[in-house]
Every structure is written in structure tokens, then in C-alpha cells.
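Only one chain is shown below, in C-alpha cells, and it's the form predicted alone.
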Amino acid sequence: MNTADLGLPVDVPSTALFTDQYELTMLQAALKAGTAHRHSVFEVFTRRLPSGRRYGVVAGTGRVLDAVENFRFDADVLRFLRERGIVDEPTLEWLAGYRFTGDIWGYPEGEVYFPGSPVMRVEGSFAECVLLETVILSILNHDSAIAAAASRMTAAAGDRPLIEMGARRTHELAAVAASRAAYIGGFASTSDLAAGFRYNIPTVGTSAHAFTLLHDRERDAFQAQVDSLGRGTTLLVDTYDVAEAVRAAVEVAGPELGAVRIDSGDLLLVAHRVRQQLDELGAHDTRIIVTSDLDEYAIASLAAAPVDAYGVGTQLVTGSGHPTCSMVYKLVARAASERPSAPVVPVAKRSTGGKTSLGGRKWAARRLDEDGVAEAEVVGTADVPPALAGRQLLVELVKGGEVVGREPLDVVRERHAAARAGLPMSATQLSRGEPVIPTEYVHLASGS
């Protein structure tokens, strides 16, 4: 099923206006010049990883497929473009029948990537491919940033589960995408019901400080929650005095109390004290969940604490300081003319200042060492070396305009865990460093 069928309402009737105006004005000029239908190859890549990051995580691919399927210029969209005078009538007529009929290849969602990795390749006429630039980049840049932060956090947490709870710290629709990306990165659940509804992510949640403050006594709030949700619920114990709250919680729920949540204070110290108190009260199986503006560094600092799970919000949905991946969408090859038999030639930007690109339709493969650990990302344009033929990374996502690469989210999540495990051990170190493996270029054209 197309997940868009279950999606949340948005303020526009299609994804066609999730774009920048210059994509439409380029289309108009190309149609007039007779170059719009030249076969073209665009690639998505990043020139560098965010400072200090050792690897990136591909996320948002499934949402890109939904967006491409729903990229339609319906009557309301065309009326808007006409009234604003954004493009001329011949261009509007062309847009009215727009359907992407090309091919899309890309790294499978959940895979890791490095500088220069051709994360996605979009191929078709210039006209149909150029219009997809902004929507593809907006999805991949956002979701991959969140997934990368989530991956670092889950690596720091080890076997302890993480709960995504950042919906109140970002745009309401971005929150749903963030929950999806966090799940890919290894988070176990989300507090956001919209994400649970749309993507079948496990949801959790019990109560906030407001519920405790509503009642005359903290004990009354605990009793009400246990009466409603059962002894296995999670009680929030830091509204007033933590030690008194833990005692009341166990007295109300008994040793079968599911968990207590700590949301403030010196989490390392408080967690040790709460664990000792719970054990003394006979609640040996009651878990401790900590929240309070955690990031991967805070999670790592709690590795020795008796913590059973973490709740993460703000730092996750903002990419833990890196809310974008700086991915770009560049034309790397195009036909010499509009003739179907015209040769496809590499093209590339040559200007100085660090924004150059490498021409040609590219393949990518990951070379492994004798122990099966990744040692290089190899990117090229000529024939794939036989030794790398079985290690190619790009997979077919759209063929002739039809989506062929949609996957269940759990498959994507499992792929990421395997991909991260296949990197050198230093990949999950939180200290700053270069990408954990180098990108090697072979047989690349210089462009024209």
C-alpha cells in the first residue's frame, strides 16, 4: 500500500509545489529552447559529512517514492501558477500532463554513505527530472540528518532502548518524518501517534507533570494512573521530591510497578539512588527511564548508570546539531541532442570554491577487507571491476515511472543495523574524526 494513502492532510493537494520557482522557469526556458527533452542524469550526493561525523545514513527514500508518485499539477495548482504569472501557457499545458516516466536508482534506505556517494540517481528527460530537485533534497536532507543522529544515539545506548519524543520540538509534519527516520536509526518507539498511524511504529506514553499537578497529592495522581493503566505503567517521579515519589509509587503499584521516569536533575546520581531505593523496596524489576534533553554524549555518559531506557526529543529532531546533510542534486550527464540515439555525455560544474562536481553516470561499491569489514567506498563511471561486482550499492527504485523499490520499514531498520555493524569499530566513536572509510574515485570523467 502507498503510505500516502494513510497520510496526514497537508495544505496543498499534491507534492508538485514542494519545489523552488526556478525549477519551473528553467523548464519554461528549456521547452522554448528545444532542450527540455534531452535525456539527463541527475545525482544526489554530499561533498562532505557534517563536522565530526564518521558516516551518514540514507533515510527518506520511501517518502521520496511517495512524493514522486504524488507529483501532479492538478487544476488548483495550475490555477495558482497561472494567476501568479510564474510560467507561460505552453509550460502550463505541459505541466498539466506531468508524470515522471524515468528511472530512479539509489542506495537502499538504511544504508550508510560517505562524501561523494551517489545516494540517488534520477534519469529521464531534463524536463521531468529537474522538477523533482527540491522535493527530493528536502526529504533526504531532513530524514538522513535525523537518522544519522539516531544511529549515533542508539550506538551510544547499546542494548538499552530509546524512545523518540520530539514532536513538540519541531513542525507537526516534520515530527512524523523524524519519528520514521529515528526508527530507521534504531529507536524502539515513538510518542507521536501520527507516526504510529502512518508508519506502524510502536507508540508509548503515560503521563506528564501536569497530571501530577492536577491532583491534590502526588499519591492520588499515581493511584489514578495505576487504576487506569495498570501496575505495569510508568510513573513520573520528579515533580516534587524524588525519594518520596519513588516510595509512594511502589506503595501504590507494588513491586510490580513497570517503570519510573526521571526528567530532571543529575541523572547519573539520581538514577543510582532510585535504583537502590527501588531494590530496597522490593521493586527489583521496576525499570528506570530517563529523559531531559538527552543527546548521544549524554547517553554515553550514562552507560554506567542503572538506566533501562532513554527518551530523546529536541536533540534528535534537530539532528543533534546538524539538521541537514548538505546533499545536492546535480546534473552529471545529458544527451548531446534530443534524438533518442544521441550519445550521453558527462557534464560537471568546474567553478572554484569547493562546489565542483564530477561528471558521468556513476556506480558505487563498498570494498571489504579480509575480515569482511568495510575499507573503502569506491565510486566510478566505467565498468565495475569484477572484484566489486557483488558489492554494488545502488538498487532500482523506480522503473519507467513505476515504483519498484518500496520496502517495509522494519526491513530498512534491519538493513541499517547490519550496515553500521559492517563498518570499522571506530565508526561509532563519539570523538571527532574523519569519515571512517575513504571514498575512492575510479575512471571518472572531468565533465564538459
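These figures come from a predicted structure and were not determined experimentally. Note that residue numbering follows the sequence shown and begins at 1.
The discussion below concerns the form predicted in complex with a further copy of the same chain, not included here.
- Option touching a further copy of the same chain, based on a heavy atom within 4.5 Å in the predicted complex, out of A305, L193, V373, L281: If I apply the 4.5 Å criterion carefully, the residue I get is L193.
- Query: Which pick from M26, V395, A417, L388 sits with a heavy atom within 4.5 Å of a further copy of the same chain in the predicted complex?
  - Reply: None of the other options qualify; the answer is M26.
- Task: Select, from the options 260-268, 373-381, 110-118, 155-163, the stretch whose residues sit within 4.5 angstroms of a further copy of the same chain in the predicted complex by heavy atom distance.
- Result: Single hit among the candidates: 260-268.
- Message: Would all three of S14, R169 and R334 be in contact with a further copy of the same chain in the predicted complex, where contact means some heavy atom lies within 4.5 Å?
- Response: Verified in the predicted complex; spot residues all in contact, yes.
- Message: Taking a further copy of the same chain as it sits in the predicted complex, is P255 in contact with it (heavy atom to heavy atom, 4.5 Å or less)?
- Response: No - in the predicted complex, heavy atoms of P255 and a further copy of the same chain never come within 4.5 Å of each other.
- Item | Non-hydrogen atom contact H142 with a further copy of the same chain in the predicted complex at 4.5 angstroms | H142: yes, in contact with a further copy of the same chain in the predicted complex.
- How about A348: is it within 4.5 Å of a further copy of the same chain in the predicted complex, going by heavy atoms? Because a heavy atom of A348 falls inside 4.5 Å of a further copy of the same chain in the predicted complex, the answer is yes.
- Message: Quick check on L213: any heavy atom within 4.5 Å of a further copy of the same chain in the predicted complex?
- Response: The answer is yes: L213 has a heavy atom within 4.5 Å of a further copy of the same chain.
- Contact set, 212-237 vs a further copy of the same chain in the predicted complex - heavy atom within 4.5 angstroms: Residues within 4.5 Å: L213, L214, H215, D216, A224, Q225, D227, S228, L229.
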